[in-house]
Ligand code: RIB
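There is one chain below, alone, in structure tokens, taken in the form predicted alone.
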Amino acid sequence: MAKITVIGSASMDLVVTAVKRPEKGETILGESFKTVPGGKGANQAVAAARLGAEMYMVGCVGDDAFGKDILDNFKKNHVSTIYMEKVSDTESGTAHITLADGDNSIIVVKGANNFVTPDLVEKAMDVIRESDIVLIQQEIPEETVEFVSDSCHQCGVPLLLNPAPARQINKEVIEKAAYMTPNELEASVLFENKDLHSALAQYPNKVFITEGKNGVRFHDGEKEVVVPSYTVEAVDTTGAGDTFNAAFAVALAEGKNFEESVRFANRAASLSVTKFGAQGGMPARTEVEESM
């Protein structure tokens, strides 16, 4: 069984479904509203747990009802919360999501996720050292991402950095990460002065650009490879990228090669969009294997 630690955000998603997005100054009627657990870190932890990994989550929630619900959801999904902390007098993180026009748009309010600091990570170093792989994203402070990058590099533990939301990253962080999984927009921010094909060639078997329904693109050291996605009828694309990252990490930790790992991750991500909610469609291991 793969042992994986996720360091990142845990939030509550506030999801509105509508026929279209409102224009500036426009008010429209929505079709539904739901609250569901989310946050990129939490999503990846839950997805990996459902795929059979032994999971540990390092993060923060607020001292509010959302915080309790987030922790309860981790326990329900067999994610260890031993390194989760509750921050007093602070609200839990939230993501305000609009589903319209067959896609999503999201505003993230960090809340307690701002307290995922290097000091918090220090408390989890024992489990980090024992992990097969560590996952991190960018809904937490930049200094924490840099600290985790240094710590994993020193410990010899591979770090998978999902550089979302998009922002410039210290070059040392890029060099020390074992794997990076930007989408096309995030890749253009990361490598703003470089052609993306050149960037892939510079980081073979390290940078994997997710291109939605078109699949995943990487360089294998000799040539550029595109691993196609799977065609499904999408209900909600929220969390598809998180499912990909989790499944990719699980496959790598289990010893699959890069192309096998990407195919496994693509299949899991494609299944995740067939149900509502970032975590609602995240598949169990048997679902992925049977569908492949």
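From 1 onward, residues are counted along the sequence shown. Because the structure is a prediction, the values reported are computed rather than measured.
Beyond the structure shown, there is the form predicted in complex with the ligand, which is absent from this document and is the topic of what follows.
Contact with the ligand, judged by heavy atoms within 4.5 Å in the predicted bound form, is confined among 208-216, 152-160, 90-98, 68-76 to 90-98. Between the ligand and the residues A166, L196, I106, A178, the one pair within 4.5 Å by heavy atoms in the predicted bound form involves I106.
For the chain shown alone, G59 is not a contact residue for the ligand in the predicted bound form, no non-hydrogen atom being within 4.5 angstroms. In the predicted bound form, R50 stays away from the ligand, with no heavy atom inside 4.5 Å.
Within 4.5 Å of any heavy atom of the ligand in the predicted bound form lies no heavy atom of A269.
Applying a 4.5 Å heavy atom cutoff to the ligand in the predicted bound form picks out A278 as the lone residue from 255-292.
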